[in-house]
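Take a look at this one chain, the form predicted on its own, written out in structure tokens.
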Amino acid sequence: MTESAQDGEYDAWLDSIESDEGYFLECSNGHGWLPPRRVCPRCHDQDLSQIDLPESGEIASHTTITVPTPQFEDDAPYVTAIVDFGPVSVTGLVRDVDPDDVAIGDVVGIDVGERVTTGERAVVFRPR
């Protein structure tokens, strides 16, 4: 893998997940968002607090990719999922489970892994 440029707050957020200190941002009205954010897009509150991301979440939606773009051809087949962590939802890759066994409501933890094709870091979910 070649060294790539940092993607500011997104890479910092991935670093926090790798060190088991994942977080999200919450406004005073309880709306949750992933960083980077300076203002709540829903109520425009500028008082955002950093809240610990729960250790596990539930798969809310998923799809199995069997014919990817060339950029991810060595990753296939793979499962992308949206996981509900309470006030926030996170999109990532499901790992360590057969794609046919992934189901809505499965409980997963969040981690950081690498794309097979590119070696780039990505959010991954593993069964709990």
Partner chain sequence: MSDPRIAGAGVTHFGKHPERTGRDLFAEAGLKALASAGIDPDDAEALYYGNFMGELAEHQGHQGPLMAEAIGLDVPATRVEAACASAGTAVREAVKTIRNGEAEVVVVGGAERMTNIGTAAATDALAIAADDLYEVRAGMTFPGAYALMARSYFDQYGGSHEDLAHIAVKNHEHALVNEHAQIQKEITVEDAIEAPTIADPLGLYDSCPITDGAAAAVLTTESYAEEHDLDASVAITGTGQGGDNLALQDRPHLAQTPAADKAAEEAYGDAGVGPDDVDFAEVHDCFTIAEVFAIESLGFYERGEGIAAARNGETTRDGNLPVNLSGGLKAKGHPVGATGVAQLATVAWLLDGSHPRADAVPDSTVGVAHNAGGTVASTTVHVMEVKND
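Quantities reported herein were computed from a predicted structural model and do not represent experimental measurements. Numbering follows the first chain given and starts at 1.
Just so it is clear, the following notes concern the form predicted together with the partner chain, a form of the same protein that is not shown.
Although the partner is absent from this view, residue 70 contacts the partner chain in the predicted complex, with a non-hydrogen atom inside 4.5 angstroms.
Taking non-hydrogen atoms only, residue 35 approaches the partner chain to within 4.5 angstroms in the predicted complex. Among residues of the shown chain, residue 66 is one whose heavy atoms approach the partner chain to within 4.5 Å in the predicted complex. Contact check for residue 90: a heavy atom falls within 4.5 Å of the partner chain in the predicted complex. Taking a 4.5 Å heavy atom cutoff to the partner chain in the predicted complex, the contact residue among 80, 50, 56, 28 is 80. Residues of 95 to 128 that come within 4.5 Å of the partner chain in the predicted complex, judged by any heavy atom, are 104, 115, 122 in sequence order.
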